[in-house]
Structures are given as structure tokens and as C-alpha cells.
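Have a look below at one chain only, the form predicted alone, in C-alpha cells format.
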Amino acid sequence: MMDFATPVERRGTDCAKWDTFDKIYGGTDLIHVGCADMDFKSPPEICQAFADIAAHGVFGYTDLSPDFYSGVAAWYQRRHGIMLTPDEVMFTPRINIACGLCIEALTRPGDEVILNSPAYPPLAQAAADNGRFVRAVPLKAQDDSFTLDMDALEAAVSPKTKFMILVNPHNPTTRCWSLAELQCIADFCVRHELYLFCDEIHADFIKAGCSFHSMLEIADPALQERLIVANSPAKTFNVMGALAAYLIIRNPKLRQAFYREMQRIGEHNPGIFANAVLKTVYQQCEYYVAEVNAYIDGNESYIRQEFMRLFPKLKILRREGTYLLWMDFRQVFATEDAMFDFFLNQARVEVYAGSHFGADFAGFMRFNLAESRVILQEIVRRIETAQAR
């Protein structure tokens, strides 16, 4: 059984979440819960695989193990009831890279890429950096959550719109789109002849009582002809640094288009540690998923209770997936700057403000729950101290 309760010191390891953000904001007394990076140890099976590679002492060019392809196929069959063939699975080092390459392969400069807002910024940036115009369509607020605004999506489409990005579970709102909602998106993309890039990297983080549906469950052949599903064990098993991800593409013409882009940028052999991750996690580490989800659910209960006590006017949106919370502080602080100043400069807790994900969401906050409970307790103590000043 994994120990998620004991804090892991990550400072001094060139950690982007802790060392880099210390430099950005100045000081080593900050607690960082903005970046969506878990502070939990990976499964021991992965650590052992890395240790075996290190003991061997040769780190040369590496090809993907056949276990990678069969492992992904078996994972999707067990967890989602989806049948895949090995040739439908393609390696990529990162989903953001893959998104940019797919946009480059399937659209032209000046074309439009549509996505929902609030949006995970790197995916929108992948479109903008390739000379495409990004149309961000806000989600519709509904009680303590958000839903798709299909009317707004229809209104945003133009003859130049060629590509859509969908994140499921959604980052940062945590929505797990229902099958009915996915069908609406599928019909929308088929009707407007849009390629659909679906990022499912958080698919293994589902709150107890909620359910996840992959876009691959939509059986419409017209959708499958234009669908690209992206996933990775990186978030699930906390191995982002290994650079191991993959695409699932049913249409062989789209696979070939992506393969050509990978060749164009000189991407061929994966890193030796990426290969170790990809051939290990889906065969040996499924137990980790249930354990980490249970711990995160407990963290959510704790933070909800304590934050509502500390900020009575706070609205915490319903969490369905991911290890994030999406909070609405607009009735707590007069401005987003005031919110950020309180957390960063008074409580010394670094968070991601809502405007990071879209101008319409200033005053919201994304909070990372994948921390030791001890760290969360210290955050609560710091807020109480800051409020008492």
C-alpha cells in the first residue's frame, strides 16, 4: 500500500513546481499548489524498473517495447470496455507536442481552432504558436458546475474553423463529460467537418460516485475518421519527467499524417526511461489508481470543509475528475489581484488564478489536491494566521 501521507521534499531536485516557482516568486517558504504536479511517489515497480536501467549502465537508443502497445490496449479494454488494435496506438513524448503536430498536419496557417474556456493554456498555445487563430468558447455556468454551450459553439464556427480541442475530464473545471455531451460534440464536429483532438490525460482520476466516458465510446464511423485521442500515464503515476505519452487514432490516414510530422521534427526513439514507464505501468501498477483516488477524495473533503469555514462566501465547484478543485472567490475578494495577493504574499501559498485559464474566469482559482494531508493542514494554518493579522 502506498504512503501518500508522508511529505516528499522536492526542493533541490530542479523541480519545476517547487524550485522554479520559488525563483519566480522569491523565497523558499512558499507552498505551491498551482502547478498540476502530484507530490506523491510513483509506484515501486516503476522505481525498480528505473533502478534496473541505471544498474545496467548503458543508456543508448531505445525502441518501444511491444508491451507498450498491448498494455495500452489491455488498459482501455479493462477500464473502459474499448477494443484497440496495436497499430492504432502511437507514441509521443508529450500531449502538448502531439497537439501542435496534429494541428500542423491537419490545418493551415490562418485556420481556426475551437476549444472550451476556461482552457488549459498549453493546448491553446499549441494552436497559436502554429499560426492558427484560437476561438475560445466559454462553458455555461450551471448550479455548482459547468456544462457545454452548444449554441455558443455553433455561433463560433466559421468556414475557417477546421479543428476542435476537447479536454475530458476537463481542466480546470473537473467536468467528466457525459455520453450525451460527448455525442453532441461528436455530431458538432462531423457536421462541421472538424478534426477533434481529445485530451484524456486525467481519465484515471475520477471521484467516487462519478464516471468517465472516453470519446472512443462514440461509435459513429464519421467521428472515428476525424478523431485523435491523447493520453499518458504521466499524471496517473506521477512520471511527467519521463516524457511518455501516446495517441489513439483509428484512421490510418491521420496516423500517417501524424507520423510524418514526428519525422519532420526529428522525433524517433523514445527515451529509455519513457520506454520503461510505458511497458510497466499498465501491466503492474493498476492498484495505485484506486489508492491515489481514495487519498485525493479524502483531501477534497478536508479542503472543502476547511475552506468553507475560512471563507464563508466561497463557492467550490463540484469536482468530478482530475486531482484539482475549481473555486469561485469572486464573492470573497474584490478583485483577483486581491485574492492572489492574499494567498501569495500573506499566506505564502502559490496558486493558479482563474484568469490564467481565460479572461472570463478572473476571480476563480485552481487548487491542486495531490498533496500530503500535512501540507494541506499547513495551508489552512497559514490562511488562519494571515486572516488574524
Ligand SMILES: Cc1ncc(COP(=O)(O)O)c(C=O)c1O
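Since the model is a prediction, treat every value here as computed from it, not as a measurement. The numbering used is simple: start at 1 and walk along the sequence shown.
Missing here is the form predicted together with the named molecule; even so, the following discussion is about that form.
**Student:** Check whether Ala36 has any heavy atom within 4.5 Å of a heavy atom of the named molecule in the model of the complex, and answer yes or no.
**Tutor:** Result yes; Ala36 sits at the interface with the named molecule in the model of the complex.
**Student:** How about Asn96 - does it come within 4.5 Å of the named molecule in the model of the complex, if we only consider non-hydrogen atoms?
**Tutor:** The answer is yes: Asn96 has a heavy atom within 4.5 Å of the named molecule.
**Student:** Whether Asn171 contacts the named molecule in the model of the complex should be assessed with a 4.5 Å heavy atom distance threshold; does it?
**Tutor:** Heavy-atom contact with the named molecule at 4.5 Å: present for Asn171.
**Student:** Going by a heavy atom distance of 4.5 Å, is Asp199 a contact of the named molecule in the model of the complex?
**Tutor:** Asp199: contacts the named molecule in the model of the complex.
**Student:** Tell me the stretch among 140-148, 220-228, 267-275, 199-207 that has any heavy atom within 4.5 angstroms of the named molecule in the model of the complex.
**Tutor:** After filtering at 4.5 Å, what remains is 199-207.
**Student:** Since the partner isn't included here, can you check whether the named molecule sits close to all of Val167, Lys235 and Met240 in the model of the complex (heavy atom within 4.5 Å for each)?
**Tutor:** Affirmative, all three are within 4.5 Å.
**Student:** Let me know the one among Phe163, Tyr288, Trp177, Tyr120 whose heavy atoms come within 4.5 Å of the named molecule in the model of the complex, would you?
**Tutor:** Spelling it out, the residue with a heavy atom inside the cut-off is Tyr120.
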